[in-house]
Ligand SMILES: Cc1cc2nc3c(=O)[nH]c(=O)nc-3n(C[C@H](O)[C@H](O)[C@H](O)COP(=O)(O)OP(=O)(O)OC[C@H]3O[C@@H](n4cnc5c(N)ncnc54)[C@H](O)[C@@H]3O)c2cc1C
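A single chain comes next, written as structure tokens; it is the form predicted on its own.
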Amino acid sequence: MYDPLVHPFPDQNQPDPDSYWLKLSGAVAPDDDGPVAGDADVDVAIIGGGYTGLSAALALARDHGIKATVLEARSSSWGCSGRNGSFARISGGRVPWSRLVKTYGADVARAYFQELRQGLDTVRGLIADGEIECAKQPDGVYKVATFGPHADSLRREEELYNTVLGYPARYVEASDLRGIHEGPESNGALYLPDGFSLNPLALARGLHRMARGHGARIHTNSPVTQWIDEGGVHRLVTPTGTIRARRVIVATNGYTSSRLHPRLAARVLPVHSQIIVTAPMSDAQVAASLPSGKCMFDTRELLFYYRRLPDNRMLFGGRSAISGADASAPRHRQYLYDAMVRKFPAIGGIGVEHWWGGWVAVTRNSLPFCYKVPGAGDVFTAGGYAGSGVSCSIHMGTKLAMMAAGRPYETAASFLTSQPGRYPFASFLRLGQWMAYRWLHAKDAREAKRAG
């Protein structure tokens, strides 16, 4: 499969994922403008047709009167936006709130929390305004303690949410999880009242239609194969034509090729995340596993995220593969299956009907970014959502639009607008990731042994 550290771009031979979302939404994508044909001059070009790029195109047209041109290497929302785990919540990056407060202070943490909260509200508003049919589920998120000792950490997190962030998180005792989350790994949970699941591909396609409806052009099968700076004008070469743009938004996130632009290389680590979806569960299996249909994730170092789908299937996801070449190895599917059955023994033996994966982007500080690229002219980029970006990415897209329209993005969460540091020794990134996974797996194994 396409690997951002290996390939220059995802070409047309890359298959669509075997995702449950594609099955639900159908293979027929919304109308687009086809591949770039010939040469064109535009005000703003957007590289990447996922949540960030589509929301930027929509905001530019609707709020700033600029009709942008989107260049998507494959089909609209082909990357993470159309194949993710489906949770829209107050999240972005992968830094615990306690560490964020310790590193940046309470005021910055509160400002960041409000940015993320605004992002979730933006998604709610877009779904309503665009009348997007994306199977949005009722709100509610549970962070479930995998092992007994993790419950104390969740109690401390509850206090931080309430006293520092001013948010009504609530700790749920293990005994009170009955009828919500069953199985041996139900050792208490932190309940967050805001956050919901949906069909992520349907949401992305809805944003696509809204952006085109406001005048944006979306060119599919148009990867940028060469980027040439011609004295303030950016010449973006595609296989079938060239776009010359005064301003460029880069919205490729975990799918950013290391060869796209030298000033973007090694700023994010593409991390592969995989998902399985089972056959429908029986009523007895539902009652003994996930009676609730809320968003769930656990407290492992290499965490799992999961939910019961409206048709009583189980969606279960996590990290396993390191490289694109290895992603299709059956052991990764088995890894997820074994973890799911360990968590929910009642569904042992159930069939898996879908298995797919995609790239999320992790920065060195594990936090997202949205900034003007130094030394590259009018080039703006956002990303680094670390697999928690359904709402954050859409929010960042609106901020990129604002910056491309000539307005500054001002936020007290100062790290958001800073350029992320480069990963050193980029050619050894995958080795470092493999070593980190081994260490985290060992840590989870020690926790499991102590818990009995």
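All residue numbers refer to positions in the sequence shown, first residue = 1. Because the structure is a prediction, the values reported are computed rather than measured.
Another form exists, predicted in complex with this ligand; not displayed. Remarks below refer to it.
Participant: Here the chain is shown alone; which of 367, 80, 379, 340 has a heavy atom within 4.5 Å of this ligand in the model of the complex?
Facilitator: Checked against the cut-off, the match is 80.
Participant: Exactly one of 188, 270, 119, 358 has a non-hydrogen atom within 4.5 Å of this ligand in the model of the complex; which residue is it?
Facilitator: Spelling it out, the residue with a heavy atom inside the cut-off is 358.
Participant: At 4.5 Å between heavy atoms, is residue 17 in contact with this ligand in the model of the complex?
Facilitator: No, residue 17 stays farther than 4.5 Å from this ligand in the model of the complex.
Participant: Under a 4.5 Å heavy atom criterion, is residue 169 part of the interface with this ligand in the model of the complex?
Facilitator: Residue 169: no contact with this ligand in the model of the complex.
Participant: Tell me, yes or no, whether residue 72 is in contact with this ligand in the model of the complex, where a contact means a heavy atom of each within 4.5 Å.
Facilitator: Output for residue 72 is yes: heavy atoms within 4.5 Å of this ligand.
Participant: Is there a non-hydrogen atom of residue 398 within 4.5 angstroms of a non-hydrogen atom of this ligand in the model of the complex?
Facilitator: Taking the distances in the model of the complex, the answer for residue 398 is no, it never comes within 4.5 Å of this ligand.
Participant: Of these, 151-159, 321-329, 245-253, 110-118, which stretch puts a heavy atom within 4.5 angstroms of this ligand in the model of the complex?
Facilitator: Of the options, only 245-253 has residues within 4.5 Å of the partner.
Participant: Can you tell me which bits of 179-193 touch this ligand in the model of the complex, meaning any heavy atom within 4.5 Å?
Facilitator: Read in sequence order, no residue approaches this ligand (within 4.5 Å, in the model of the complex).
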